[in-house]
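Single chain ahead, by itself, as structure tokens, in the form predicted alone.
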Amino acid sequence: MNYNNLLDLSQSLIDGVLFGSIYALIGIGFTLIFGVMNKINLSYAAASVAAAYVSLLIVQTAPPALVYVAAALVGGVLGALVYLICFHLLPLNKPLATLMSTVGMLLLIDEAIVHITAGMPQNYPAMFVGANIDIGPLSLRSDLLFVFGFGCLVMIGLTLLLKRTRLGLATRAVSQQPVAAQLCGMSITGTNMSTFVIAGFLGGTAGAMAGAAIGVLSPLLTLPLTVKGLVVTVIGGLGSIPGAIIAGLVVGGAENLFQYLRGVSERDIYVMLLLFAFLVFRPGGLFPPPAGRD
């Protein structure tokens, strides 16, 4: 491999890792819900994209920075609605019922986006466009640096929320011992609802960041973000937030690396092979859940 090819390879890897912060946020959302309720919300990525779409309603009257805040807030509202419709009103001891309800919600949200926008991509405001940072022969895209930096701040904020607040204590208690948490006066329903709202904040932020990095929002984003979010959740380890963060960056970097080596048409095939390798050789993921006590 000559110098130019090595340079292009390194550039692709760096861009992929920076973009991987979006996958990390989506993976954290899946992980939070699974960690607390042991259930998968398949409509999560669709709601994240929908939140970013709704935030475009204020783009003409507000600074671009407020668009990202609006996306997070709308994501929280959609997260609460998904919980009420797909989980609170259904028997939680019937896992297939909740799973299929989230599949239906995914299709409903996706179809709503397609019909409202006529399936046409919508421009999304990007931050710091054009002010790339050059480090020797490598160039760091300003929009991806913003996405990565903003994603890191959100992850730090989530960590502090879970470690330093009463809500975080309740969330961790319900995820580990729900019966004991209820005996201590913690509301299972309230904690579950709060978890969906927090995950919605993360999802709305991820949807906005995806729009900023790509430059447009499209209904076609729903399926890739859903698949990559689930891949990140499995590779990181079910229920592990640090695992989801690392796996998101790994999947982002690997995706760009495969795209450079094999082209965009084969990129996702190799990402799935990466998932298959983890399922075979390390089924618990990077941070497997601890064994339960007898």
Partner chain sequence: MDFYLGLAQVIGVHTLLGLSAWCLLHTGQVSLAQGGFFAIGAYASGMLTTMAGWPLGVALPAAALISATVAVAVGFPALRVKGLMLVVATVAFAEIVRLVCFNLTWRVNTGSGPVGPDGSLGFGGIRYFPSNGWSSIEILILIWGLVAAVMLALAWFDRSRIGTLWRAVGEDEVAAQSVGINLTAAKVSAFGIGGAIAGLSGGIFAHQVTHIEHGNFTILLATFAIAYPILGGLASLWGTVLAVIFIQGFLIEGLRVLGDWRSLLFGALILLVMLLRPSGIITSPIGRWFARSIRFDRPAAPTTGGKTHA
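Residue numbers count along the first chain shown, from 1. Here the structure is a predicted model, which means the values were calculated and not measured.
What comes next is about the form predicted together with the partner chain, which does not appear here.
> Given that the partner chain is left out here, which of Gly190, Gly104, Gly149, Pro137 has a heavy atom within 4.5 Å of it in the predicted bound form?
If I apply the 4.5 Å criterion carefully, the residue I get is Gly104.
> So which of Ile241, Val234, Val250, Leu225 gets a non-hydrogen atom within 4.5 Å of the partner chain in the predicted bound form?
Of the candidates Ile241, Val234, Val250, Leu225, Val234 is the one lying within 4.5 Å of the partner chain in the predicted bound form.
> Although the partner chain is absent from this view, report whether Leu90 comes within 4.5 Å of it in the predicted bound form, heavy atoms only.
Leu90: contacts the partner chain in the predicted bound form.
> Quick one: is Leu261 in contact with the partner chain in the predicted bound form, heavy atoms, 4.5 Å cut-off?
Flag for Leu261 set to no.
> Spell out, yes or no, whether the shortest heavy atom distance between Leu286 and the partner chain in the predicted bound form is within 4.5 Å.
Leu286: no contact with the partner chain in the predicted bound form.
> Whether Leu220 contacts the partner chain in the predicted bound form should be assessed with a 4.5 Å heavy atom distance threshold; does it?
Leu220: no, not in contact with the partner chain in the predicted bound form.
> Report the stretch among 250 to 258, 66 to 74, 226 to 234, 47 to 55 that approaches the partner chain in the predicted bound form to within 4.5 Å, counting heavy atoms only.
Result of the contact check: 226 to 234.
> Would you mind checking 94 to 122 for residues with a heavy atom within 4.5 Å of the partner chain in the predicted bound form?
Those in contact are Lys94, Pro95, Leu96, Ala97, Leu99, Met100, Ser101, Val103, Gly104, Met105, Leu107, Leu108, Glu111, Ala112, His115.
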